[in-house]
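As a starting point, one isolated chain is supplied in structure tokens, in the form predicted on its own.
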Amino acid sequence: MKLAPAGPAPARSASNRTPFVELKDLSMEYDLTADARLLALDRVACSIAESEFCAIVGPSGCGKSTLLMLTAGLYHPSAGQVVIDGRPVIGPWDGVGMVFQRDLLLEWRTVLENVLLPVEVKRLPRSEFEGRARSLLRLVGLAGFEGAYPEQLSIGMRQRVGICRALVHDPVLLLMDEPFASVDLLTREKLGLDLLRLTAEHPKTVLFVTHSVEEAVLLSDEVVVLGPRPGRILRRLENDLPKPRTLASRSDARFHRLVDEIRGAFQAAGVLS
């Protein structure tokens, strides 16, 4: 399996990209008690182009995870609308792969069987997807572990299995909710590089929630910065850091400029003192 060719990515311009995911003035309220409601998101509006990697950063409780659930059609907005590929989302959307903080692997299934679970659920022919599952596992360094069980894997290895499971049915949209939060720093860096390889080999539209500003800048094409609850967009930043990216990309002056801009937005909103 060959990776995408090396070299700088073509120039990106917000003015000439066709929206694939559109968040149209999304608001979300939760009932706390009979007399009290919590406004989690307030009129969030943005669009993400096809095959774009969009990172969403913000403080705890600002509605980042809620935003992903609304995009997947698992929650219904209190106001506004999600549109994917020109069609309003009115319920669970079939073309989505999701990765959560916990891997949620089934302990009684082997690695390969866990990866193929979406294929079974969607009643797709296993014979057409088993090769893809094995290729994904090979791409993240898990060749030879197809017959292992989750209890035999490290936390980082389990999370790689979870990412492969989300991609096996070839979804057009990948939603990732702090997928590396439960691992140590070195494993987190390795998983980030794995994700860069996977999205180079299998381009997807990605919404990636993280608390790490540095991680957002290293991985993304664009960073959406949310303020404290109720979540509102403070900034949207195009990421001109050259591709392909490695950990050495963090030494680039453009990396530090973007990190400083994001932290500056948080500081102006009172998130950072």
Ligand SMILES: Nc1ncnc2c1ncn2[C@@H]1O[C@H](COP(=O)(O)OP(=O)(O)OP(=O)(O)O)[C@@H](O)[C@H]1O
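Counting begins at 1, following the sequence as shown. All figures in this text were calculated on a predicted structure; none of them were measured in a lab.
One more form of this protein, predicted together with the named molecule, exists but is not displayed; see below.
(request) Pick the stretch from 63 to 71, 217 to 225, 243 to 251, 42 to 50 whose residues have a heavy atom within 4.5 Å of the named molecule in the predicted complex. (result) Correct option: 63 to 71.
(message) Going by heavy atom distances of 4.5 angstroms or less, which of Phe100, Phe145, Trp93, Tyr75 would be at the interface with the named molecule in the predicted complex?
(response) So the residue touching the named molecule in the predicted complex, by this definition, is Tyr75.
(message) Under a 4.5 angstroms heavy atom criterion, identify the one residue in Asp194, Glu178, Asp85, Glu130 near the named molecule in the predicted complex.
(response) Exactly one residue meets the criterion: Glu178.
(request) Considering only heavy atoms, tell me if Ala34 and the named molecule come within 4.5 Å of each other in the predicted complex. (result) Outside the cut-off, so no.
(message) With the partner left out here, check for me: in the predicted complex, does some heavy atom of His211 sit within 4.5 Å of the named molecule?
(response) Judged by the heavy-atom cut-off of 4.5 Å, His211 is in contact with the named molecule in the predicted complex.
(message) Although the partner isn't part of this model, could you tell me whether Arg229 comes within 4.5 Å of the named molecule in the predicted complex, counting any heavy atom of the residue?
(response) It does: once the named molecule is placed as it appears in the predicted complex, Arg229 has a heavy atom within 4.5 Å of it.
(request) Verify the flagged residues Leu106, Trp108 and Gly156 against the named molecule in the predicted complex: is each one within 4.5 Å by a non-hydrogen atom? (result) No, none of Leu106, Trp108 and Gly156 comes within 4.5 Å of the named molecule in the predicted complex.
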